[in-house]
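One chain follows as structure tokens, the form predicted alone.
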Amino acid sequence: MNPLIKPFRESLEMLDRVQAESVFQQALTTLSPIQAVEQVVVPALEQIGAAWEAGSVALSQVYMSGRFCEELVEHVLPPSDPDRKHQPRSAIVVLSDYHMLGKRIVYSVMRASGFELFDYGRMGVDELVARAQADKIRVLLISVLILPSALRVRDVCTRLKAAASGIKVLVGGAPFLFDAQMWQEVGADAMGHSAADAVNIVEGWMGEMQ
């Protein structure tokens, strides 16, 4: 484990943007931008997310940490055209939910692993189904925190399959961790336990889509 994770996480928890950037720049002296994001930023955000779930940090700390890290990632890994020919057109979304940290972490890890994907932000079922089809998405990553949102994934999957869209749906979030069978019950194609899982699953699907 990278020794810079702890000071980086602590600077985020103290909402010290200057110190966080200083630690991140230190990481860049020995790591590539992708490695720095993968080995320092993502683990720190995951630890802060776990601390929030345990009740030891405030939601404001989680939110601001995510915002700080988004700025750092955007600076060293500027977004480019999502329409890359050697990748399936992909998108990530929070479905009918207000917890964005999980999506932020997965989005950062996906981009740090060389993927480009549309960030749909937060959407309801109708808007998501229409947008995914309009954008000709092949892989859709859906993040949720609460059970009602997880159950709405069924509506999304049912409508995408009825339209013969061919879109693969990857889900993640607390309800799917608590109930290991739920992802299958709502009709998703796979479930990721972590951001790293998402990368591995999509890479596996890429082989099938060649």
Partner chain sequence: MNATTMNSMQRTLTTLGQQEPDRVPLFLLTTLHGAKELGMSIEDYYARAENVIEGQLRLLKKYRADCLYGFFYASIEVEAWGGSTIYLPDGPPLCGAPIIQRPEDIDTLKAPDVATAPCLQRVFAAIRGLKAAVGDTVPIIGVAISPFSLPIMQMGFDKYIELLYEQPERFEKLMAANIAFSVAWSNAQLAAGATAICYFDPMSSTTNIPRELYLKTGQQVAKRAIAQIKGPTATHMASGRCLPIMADIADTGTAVVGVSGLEDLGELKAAANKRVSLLGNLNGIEMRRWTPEQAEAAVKCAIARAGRGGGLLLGDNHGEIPWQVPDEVLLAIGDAVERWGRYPLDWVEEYLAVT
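The term rigid core refers to the most C-alpha atoms you can superpose between the two forms while keeping them within 1.5 Å. Numbering follows the first chain given and starts at 1. Quick caveat: nothing in here was measured; it's all calculated off a predicted structure.
Not pictured, yet referred to below: the form predicted together with its partner chain.
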Can you check 140-148, 40-48, 158-166, 23-31 and let me know which stretch has heavy atoms within 4.5 Å of its partner chain in the predicted complex? 140-148
Is residue 15 close to its partner chain in the predicted complex, meaning a heavy atom pair under 4.5 Å apart or at it? yes
Spell out, yes or no, whether the shortest heavy atom distance between residue 91 and its partner chain in the predicted complex is within 4.5 Å. no
In the predicted complex, does residue 129 have a heavy atom within 4.5 Å of its partner chain? no
Can you check whether residue 179 is within 4.5 Å of its partner chain in the predicted complex, heavy atom basis? yes
Just to be sure I understand the contacts: of 101, 110, 123, 77, which is the one whose heavy atoms reach within 4.5 angstroms of its partner chain in the predicted complex? 101
Does anything in 41-73 come within 4.5 Å of its partner chain in the predicted complex by heavy atoms, and if so which residues, in order? 52, 53, 54, 55, 57, 58, 59, 60, 61, 63, 64, 67
Inspect the rigid-core superposition and answer whether the C-alpha of residue 17 shifts by 2 angstroms or more between the shown form and the other one. yes
At a 2 Å cut-off on C-alpha positions, does residue 171 qualify as shifted between the shown form and the other one after fitting the rigid core? no
So, does residue 71 move by 2 Å or more at the CA between the shown form and the other one, with the core held fixed? yes
Quick one: with a 3 Å or larger change, is the residue 177 to residue 53 CA distance smaller or larger in the predicted complex? Answer closer or farther. closer
A change of 3 Å or more separates this form from the other: in the predicted complex, the C-alpha atoms of residue 96 and residue 68 are farther
